[in-house]
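Listed next as C-alpha cells is one chain, alone, in the form predicted alone.
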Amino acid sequence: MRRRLTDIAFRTATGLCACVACGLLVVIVWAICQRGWPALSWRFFTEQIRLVGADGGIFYNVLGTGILVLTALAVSAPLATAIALVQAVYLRGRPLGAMLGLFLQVLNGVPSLLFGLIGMIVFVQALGWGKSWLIGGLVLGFMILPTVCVALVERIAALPSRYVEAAAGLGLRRSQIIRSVILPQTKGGLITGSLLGLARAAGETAPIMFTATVFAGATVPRGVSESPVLSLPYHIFILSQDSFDPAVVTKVWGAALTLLALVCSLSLIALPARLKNHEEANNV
C-alpha cells in the first residue's frame, strides 16, 4: 500500500512538472507569435536588411542560415555514419567501443561557445581563412556530430541480429553486410539524428559569431576564405542588444518567429521518422 501511494505521488509530481514545462513553452511560443506576426510580409522575406534593421527584410539572413545548416549536414552525416559503424559494428562489445561512446557523450556536453572559439583559433587565425561560411558549417557539423552518431548507433543496436546472421550465412563479407543490410535498415536513425541536430544548429549563435557571420554587408558567398554570411541567430542577437527603435523591435520579433518556425519544422519532421523507427524496432 505504501509503495502504491509512493508511485501515485511520483506520477502526480512528474505530470505536474510536465504540465508546467509545456505551459511555459506555450506561453513563450504565443508571446513570440503575437509580437512577431505584425512584422511578417512579403517584403520582410524578400528584401535585405536596411537602416540597421529598422527597414528591409531578412532574405540574406534566411539564406545564410540555410547555407550554414546544409554545410553542417554535409559535414556531420558522413562522419557520423563512419563513427557509428565503427562503434556499433567493428567495436561492438569491446572496451574501445565503450570509450568511443563515452567520448561522444562528453563531446555532446561541450558548450557551443567553445566550438566557436576553437574554430576561430584554428581556422580564422591559424589558417588565415577569416570569417567564412565553410568554417561555420564545419563548426556546426562537429557540434551536432554526437547527436547524429547516438541516433544512428541506437538504431543499429535495435536491428535484429538475425538479419546480420542471415547475411553472414550467405557468405557476405562485413563490408557487404553493412552496405546491403545495416545501412538500408538503419537510415531512419541517420535521418532523425540529422534533423534533430540541424534543429539545434539552426538556432546557435555562439559557434558562428566568431567564425562565419556578420551583421550586415554580406550577400551570397563567392568563395571560401573571407566569405561570411548573414544569419538569423546573430541578427536577432545584435538587434535585441543594440537598438531601442520600436520599428527595429518589431523586426526582431519577426526574425525570432521565423527562426522558431524553422527550428520547429525540423523537429516536427524528425518526429514521425523517430516514431516510425521505434515502431519498426518493436515489430521486428
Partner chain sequence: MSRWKRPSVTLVVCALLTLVAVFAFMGMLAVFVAQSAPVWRSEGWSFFTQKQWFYRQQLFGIAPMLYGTVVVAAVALLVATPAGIGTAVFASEFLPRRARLAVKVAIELLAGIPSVVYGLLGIVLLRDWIYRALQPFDPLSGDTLLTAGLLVGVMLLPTLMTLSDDALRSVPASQRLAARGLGLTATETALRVTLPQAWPGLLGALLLAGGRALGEMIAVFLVVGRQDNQWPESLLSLRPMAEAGQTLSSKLGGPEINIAYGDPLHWAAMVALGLVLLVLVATLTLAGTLIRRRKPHAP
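Everything quoted here is computed from the prediction, not taken from an experiment. Just so we're on the same page, rigid core means the largest C-alpha set that superposes within 1.5 Å between forms. Positions refer to the first chain, counted from 1.
Beyond what is shown, the protein has a form predicted in complex with the partner chain; the following relates to that form.
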**OP:** Flag Phe237 as yes or no: does it have a non-hydrogen atom within 4.5 angstroms of any non-hydrogen atom of the partner chain in the model of the complex?
**Re:** yes
Original post:
Should Trp129 be classed as touching the partner chain in the model of the complex when contacts are defined as heavy atoms within 4.5 Å?
Top reply: no
**OP:** Would you please decide whether Phe210 lies within 4.5 angstroms of the partner chain in the model of the complex, comparing each non-hydrogen atom pair?
**Re:** yes
Original post:
Does at least one non-hydrogen atom of Leu159 fall within 4.5 angstroms of the partner chain in the model of the complex?
Top reply: no
Original post:
Heavy atoms within 4.5 Å of the partner chain in the model of the complex: which of the stretches 184 to 192, 159 to 167, 133 to 141, 79 to 87 has them?
Top reply: 79 to 87
Original post:
Judged by heavy atoms and a 4.5 Å cut-off, are Leu114, Thr205 and Leu260 together in contact with the partner chain in the model of the complex?
Top reply: yes
Original post:
Of Ala31, Val224, Val220, Leu51, which one comes within 4.5 Å of the partner chain in the model of the complex, counting heavy atoms only?
Top reply: Ala31
**OP:** Would you mind checking 161 to 179 for residues with a heavy atom within 4.5 Å of the partner chain in the model of the complex?
**Re:** Arg173, Ser175, Ile178, Arg179
Original post:
Does Leu25 move its CA by 2 angstroms or more between this form and the one not shown when the core is aligned?
Top reply: no
**OP:** Indicate whether Cys264 shows a C-alpha shift of 2 Å or more between this form and the one not shown, with the rigid core used for the fit.
**Re:** no
